[in-house]
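Heads up, the chain below is alone and in the form predicted on its own; it's given as structure tokens.
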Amino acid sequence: MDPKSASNLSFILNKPHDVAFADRPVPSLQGPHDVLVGVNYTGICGSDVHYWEHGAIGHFVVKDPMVLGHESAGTVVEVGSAVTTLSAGDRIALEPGYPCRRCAPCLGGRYNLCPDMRFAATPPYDGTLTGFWVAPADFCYKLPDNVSLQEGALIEPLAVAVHIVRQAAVTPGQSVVVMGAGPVGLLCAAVARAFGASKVVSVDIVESKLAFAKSFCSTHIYTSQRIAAEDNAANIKREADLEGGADVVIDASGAEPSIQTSLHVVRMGGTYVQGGMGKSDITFPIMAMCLKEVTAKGSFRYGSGDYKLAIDLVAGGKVDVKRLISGTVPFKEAEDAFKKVKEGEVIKMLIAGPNEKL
């Protein structure tokens, strides 16, 4: 892919439901440790759809035109003078957030908590739905020969799931309940199985998602009912034979009823991890958490080692991310793909880069 002759067409959000395509200048390397990547495929995340729909997530507000996308894989086309780990032609999964490397969280090994993080498609930073992208070489992960570029685009959400399951410290033989069977919930269930969990229960309100979860990785499924959280929890424990509750409960939905149910499903002394994002404030069953002495953790994006482990899980056949890909569209049909994701009838849509021929 020659950046001199190829397109740097970009998919730009001006304001909610107002998108445009523009051919922007090909970016140049900013330092000797950077690489220029030709973007081959990009997956659509729920946050991308939220910006497209609402123009904001919390205090992150789209004030100027912003390129969308952050779940990408590509091909290295140019490397900086100090780069020794990558060469032109290497296929890579792209980690889309770049920390300052100098603050206390960065130096403490938790760079995902860097207050000066520059994260793709999070205002004011542009995203990866474009022809070319510049990244630090150490945030580009070479794909093994048996991992496709399409699979490479799913390493980002898989790394989110890896981080969540690592936060939960899942160990072999444990029981894990995952609230929500969207892409991240499905991947959390798959990673939990890969970590040796003997029982993995997926919970959702959509029957088709649960049917997929059962065929994909989950040992049990439960359709959440419009009943009290304690009653849903009792049903889950009964149907999945979880006497006393689950060792680990992961909420990957962000929905208030799911979070409430989570605290009633987890066993005494168990672990609860909040991975899904929903409303900023909810009614939370804090008494249940206290009385059970639950270990409760948050989980945000991914950190050191998560991308590498995600790639190893795919390369080793432990997580089959291909099954999550519902379809791939040409770059010019990007908005149509967003609409399909919004309608909820697909799991993961990929958008081919502007220089990718389908």
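For clarity, every value in this text was computed on a predicted model and none was experimentally measured. One rule holds for the numbers: they count along the sequence shown, beginning at 1.
The same protein also has a form predicted together with a small molecule, omitted here; what follows describes it.
Pick from A252, V266, A192, A168: which has a non-hydrogen atom within 4.5 Å of the small molecule in the predicted complex?
-> It is A252.
Heavy atom within 4.5 Å of the small molecule in the predicted complex: which of P257, P285, P136, G97?
-> Here the answer is residue option P257.
The small molecule in the predicted complex: contacting segment from 239-247, 141-149, 169-177, 272-280, heavy atom within 4.5 Å | Only one stretch qualifies here: 272-280.
In the predicted complex, do N8, A73 and I92 all put a heavy atom within 4.5 Å of the small molecule?
-> Not a single residue of the candidate spot has a heavy atom within 4.5 Å of the small molecule in the predicted complex.
Do G127 and the small molecule come within 4.5 Å of each other in the predicted complex, heavy atoms counted?
-> Outside the cut-off, so no.
Applying a 4.5 Å heavy atom distance criterion, does G182 contact the small molecule in the predicted complex?
-> Flag for G182 set to yes.
Does the 4.5 Å heavy atom contact test between N40 and the small molecule in the predicted complex come out positive?
-> Although the small molecule is absent here, N40 would stay clear of it in the predicted complex, with no heavy atoms inside 4.5 Å.
Touches the small molecule in the predicted complex: I205 (any heavy atom, 4.5 Å) = Yes, I205 lies within 4.5 Å of the small molecule in the predicted complex.
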